[in-house]
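A single chain, nothing else alongside it, follows as structure tokens in the form predicted on its own.
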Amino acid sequence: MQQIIKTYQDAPSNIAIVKYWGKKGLQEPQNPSVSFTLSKALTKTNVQYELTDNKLNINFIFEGKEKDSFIPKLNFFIKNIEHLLPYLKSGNLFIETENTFPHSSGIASSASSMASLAKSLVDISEKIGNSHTNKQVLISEIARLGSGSACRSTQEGWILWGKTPVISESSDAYGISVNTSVHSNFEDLQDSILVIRKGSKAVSSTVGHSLMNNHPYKQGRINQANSNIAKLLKALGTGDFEQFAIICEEEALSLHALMMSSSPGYTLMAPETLEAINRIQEFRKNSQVPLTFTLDAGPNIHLIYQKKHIRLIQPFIKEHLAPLCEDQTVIYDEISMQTN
């Protein structure tokens, strides 16, 4: 009788405060990064594995439809993790996945999708009878080999990925939680995503990372990120939101400056992005309400603030920022934080 193992796993997307930009080796970062996971933006994954002697065969369904175009990427991913999960050399693998958030909304789906898949594949390995001494590290490392930032989506809360002298147990191979050293000021952050433009990014993350290989400011960026990691971890530990905001915005704008100054160069912000940033900074100056923003490699803005300021900030979003968004689309999310 053929053995069939089933599992369901989900994983959140994450938003980086100190950005990972540029790769080395096999999906390792040029610089360390820190992110927090979101609460509502999840990828839900059902996986069924059938144990056979045949070479591994993969079937993939995304949001109810077969997506054969993703099979080559999955095959490449599986090849890279066979040494970690040898059972994947044979059998039939059925993957069905869906997101709780809309596409092209400024929320990275690759992080949550590869993290949920990594959790699923490790769970199947255990159900087959394999034991893994450090399961969390293994899941994060496998997720990283699918999508670098996915290693920051395998746990909740604040995750550090990349070797830094600030934390001895940090690693380029997997992400680690830094929740225990985070002040309560950062345990209830709200993330309101201003969807300035819907649709695919002008340049893929893979191409964007490759542009850093010969970038004239590569070493300066690595130095900047390492410095900001130390500053950010200190701010998170002391509860210093003002310093957090300075780092947050410096990192966001530096990412876009790197893209504009690469060869070829890309301008990923829209006019409405710049107008929204101006309005955010003006509101903060006039109201003295602490809030900040970040961006990934696209035009959409993540507005970040503490839960206690919702009544002041969300009316501002609806009146002054939503009109700048396509179809006035704003997605309201928040940090997903472990409570234990």
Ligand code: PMV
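All residue numbers are counted from 1 along the displayed sequence. A quick note: this is a predicted structure, and the numbers were derived from the prediction, not measured.
As for the form predicted together with the named molecule, it is not shown, yet the points below apply to it.
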| query | finding |
| --- | --- |
| Interface membership of Ser147, the named molecule in the predicted bound form, 4.5 Å heavy atom rule | yes |
| Heavy atom of Gln224 within 4.5 Å of the named molecule in the predicted bound form | no |
| 4.5 angstroms heavy atom contact with the named molecule in the predicted bound form for Leu233 | no |
| Close approach of His209 to the named molecule in the predicted bound form, 4.5 Å, heavy atom | yes |
| Sole residue of Leu56, Ala297, Ile277, Ile313 within 4.5 Å of the named molecule in the predicted bound form, by heavy atom | Ala297 |
| The named molecule: the contacting residue among Asn185, Ser171, Ser110, Gln190 in the predicted bound form [heavy atom, 4.5 Å] | Ser110 |
| Proximity to the named molecule in the predicted bound form (heavy atom, within 4.5 Å), stretch among 147-155, 190-198, 162-170, 76-84 | 147-155 |
